[in-house]
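First comes one chain, alone, set out as structure tokens in the form predicted on its own.
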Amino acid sequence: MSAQLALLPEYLTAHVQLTLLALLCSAALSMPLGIAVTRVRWLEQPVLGLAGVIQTIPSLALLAVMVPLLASMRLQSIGFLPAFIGLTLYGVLPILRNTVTGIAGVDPALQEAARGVGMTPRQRLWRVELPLALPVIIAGLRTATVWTVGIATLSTPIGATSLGNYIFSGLQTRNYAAVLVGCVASAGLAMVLDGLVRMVEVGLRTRRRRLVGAATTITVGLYVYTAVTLAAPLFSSVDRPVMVGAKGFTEQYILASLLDQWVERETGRPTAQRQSLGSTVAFDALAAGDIDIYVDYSGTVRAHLMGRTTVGSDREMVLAEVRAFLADEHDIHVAATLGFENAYAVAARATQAEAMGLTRISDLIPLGPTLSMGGDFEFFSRPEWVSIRDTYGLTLSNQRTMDAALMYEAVAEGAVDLISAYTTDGRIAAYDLRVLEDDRGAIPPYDAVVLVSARLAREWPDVLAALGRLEGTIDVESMRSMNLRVDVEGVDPSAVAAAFIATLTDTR
């Protein structure tokens, strides 16, 4: 728990930055627009309709779509900017709708009275309509505040640091202390910010200036803190760190920590990490230079990025194709092949496999219509699944998409019969699962490769050389053992990585 609390200032500060700036921009956009809608009535349907459409987009999808959009504009494609834009858009509807509803709900008799005493339209707005509509507008702002705090935790997969770092990494590594800290901190922040908005509303309604003053002072203090912490890196004399990316599962956390510590040890350069990135987000960020290094897998690149639906079973051929494709099409370099494969696999409970006589994927063909299968968020939409399904002619009774960290528990508890396991995952042994042989070669090779951006190769040749010294240093048993220590024994990924690096230096 102490290790998790040590990360709280960084994660909470980043979460506050995202939330406060997104809320400020949402309110600055929504309130004037809401006022305009009440003056030009034909705008109401299209404006509220557009805001409603944005709201119907799943929040994670809205954040993720910002990545390729900003990359196409040659802007920062991961991190703060895409998260900020997505959160701002998501906060518009409740403030906009309540502004329109609040002003439209003002008693017409009061408006007529204001006109009767000679008030101008501006005076009626500021002295009659907005004061009377204030409780409704504040209610919308409170809704947007709580939503924004919660949705900001989903910024982690697009590279923005937030309290979601606790939740995503904690779920993947079964570190429930991290999940608890992230949830409690997020809930606490939502309550504090909601309470500040409520204090302003109560103070204005009851004309208690001290209450309004206290809430305003605290809010202004938070915004000053946000501005100072955002601006601080601009005036720092510290060199830009080497940015290491990681996808959202245990092995990636370990390898990112390993690369992070290895680069610092071998070159002395500062490093930082962007964790829990989606596959496409990580690659796009590397191509755009927003991260400098991450580990990918040859089969993923070949199937997901190169669009090869045919299966290539020769590891060296696939590696050669991947190297050429990355260099020619994206100016991305393969700094090292780590030495192990982490391929997709079909796994079942050992007891069930024994009872049903399952040893190969082809054994599933006659049983498929009676079996259910769980896969990670990407699996059933990936070419690898299409290859397995078509090569074996599989028809399953049910396909269930779930978090990768929950797949193993699901199959162990009998919630599903099969899962799309990873061959280096320590939980295969821990949950007593049997990996079925791919007897028709449907699954391509998945060598772990260290990818580096064109900028790193150009500006930091010493880092590229250091990464090259990792060539062939991790075998499949070593990787499986490291995954097991995190997933089953609960050891922190950075500690596991440090222990492995110590073995490398001892053998020099």
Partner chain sequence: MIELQHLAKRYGDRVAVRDLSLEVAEGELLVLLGGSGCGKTTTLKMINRLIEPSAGSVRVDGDDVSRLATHELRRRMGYAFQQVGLFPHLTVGENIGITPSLLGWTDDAIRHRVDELLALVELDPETTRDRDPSELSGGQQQRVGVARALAAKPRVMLLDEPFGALDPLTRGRLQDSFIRIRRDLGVTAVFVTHDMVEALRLGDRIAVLHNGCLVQVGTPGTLLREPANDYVRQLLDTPRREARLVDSLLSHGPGPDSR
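Numbering follows the first chain given and starts at 1. Values in this document were obtained by computation on a predicted structure and should not be read as measured data.
Just so you know, the form predicted in complex with the partner chain exists too; it's not on screen, but the next bit is about it.
Partner contacts here mean any heavy atom within 4.5 Å of the partner chain in the predicted complex, and among 276 to 284, 371 to 379, 111 to 119, 327 to 335 they occur only in 111 to 119. Proximity to the partner chain in the predicted complex, defined as a heavy atom within 4.5 Å, singles out one entry of V128, M199, L81, A353, which is V128. Of the candidates R74, R265, R240, R207, R207 is the one whose heavy atoms come within 4.5 Å of the partner chain in the predicted complex; the others do not. Not displayed here, the partner chain is approached by Q123 to within 4.5 Å at the level of heavy atoms in the predicted complex. Among residues of the shown chain, M402 is not one whose heavy atoms approach the partner chain to within 4.5 Å in the predicted complex.
In the predicted complex, the partner chain stays beyond 4.5 Å of every heavy atom belonging to A190. Contact annotation for M306: none of its heavy atoms lies within 4.5 Å of the partner chain in the predicted complex. Along 132 to 148, a non-hydrogen atom within 4.5 Å of the partner chain in the predicted complex is carried only by L132.
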